[in-house]
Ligand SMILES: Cc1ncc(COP(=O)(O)O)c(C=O)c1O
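First, one chain by itself: the form predicted on its own, in structure tokens.
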């Protein structure tokens, strides 16, 4: 097959738009020779358990899956009885961007809470963490937080610990959607364990696809008492890979060394470069009518643009509207975003909004 797409096309729409990191692609090829037992009884899936234990400590168990939606839905199912519900931010991926899969596939009621920055607090959780024993109300038994959040913000280890202690005190469990876990670790300059297992998270998803993998995510059980049935739930939810060695090999390539962190640091750095350049031009008046709506703590930026500017910028770089009524857009940097991409976008913004 010959290449049929424009390899020069660049964008800021999503870190899912990027290709596969060469080291991950090489890992898939390295795992390809010969036969291995299917459905996870392979050498690579066994090694993956060791790799995640090196990050998170002994006694954890990892379940590779195809995608983030599967990781979240199946992981949450394992934490809940049929009558259970999940408290989450109204911007959470499980609420906004998974096509109703938690409800339709998982049978999970979501109790959503509005947040200004995508982050839950104990007070916000308490808005919906109530009604236990009321047979007319789905029982809130899990809180799900996202790290980094859908609005590009990051929980500190102390914030996660405060939530975990509060949730556990209520008899609930804590789930973390870690689709961009690596970006949070790079932002905090902390090991993954510091804001997950050591901070009281019970079950989490670990991302790969947004950080250089082809299709590779994992559910990781940090507290065995908080999850059951994943061996069966993964299969019944169509997330059990027959040739699992190729999913596991991708995650090994990322997490065995520091590729996961190198990639995340780069995408965060490109977001910081973009934010800094525009902040400087807003301050000196070179750019007008542009306002950032969230802190830039990971690899995502949120900002409002003057009328019509977004559509003209999209003639060069694709990106999404976040809140069309407010003219708020989202830009996301990837492991392969180049400084020249960032500088070109800044030039275009200046050209469109400068006085």
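Numbering follows the first chain given and starts at 1. Computed from a predicted model, the values in this text were never measured in an experiment.
The form predicted together with the ligand exists for this protein as well; it is not shown, and the discussion that follows is about that form.
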Counting only non-hydrogen atoms, the one stretch of 121-129, 277-285, 144-152, 224-232 within 4.5 angstroms of the ligand in the predicted bound form is 144-152
Scan 211, 72, 248, 196 and let me know which has any heavy atom within 4.5 Å of the ligand in the predicted bound form. 72
Counting non-hydrogen atoms within 4.5 angstroms of the ligand in the predicted bound form, say which of 159, 98, 117, 256 makes the cut. 98
4.5 Å heavy atom contact, residue 179 to the ligand in the predicted bound form: yes
Tell me, yes or no, whether residue 67 is in contact with the ligand in the predicted bound form, where a contact means a heavy atom of each within 4.5 Å. yes
So in the predicted bound form, is the ligand close enough to residue 262 to count as touching (4.5 Å, heavy atoms)? no
Looking at the partner-bound form in the predicted bound form, is residue 168 within 4.5 Å of the ligand by any heavy atom? no
Pull the contact list for 10-39: residues with a heavy atom within 4.5 Å of the ligand in the predicted bound form, in sequence order. 16
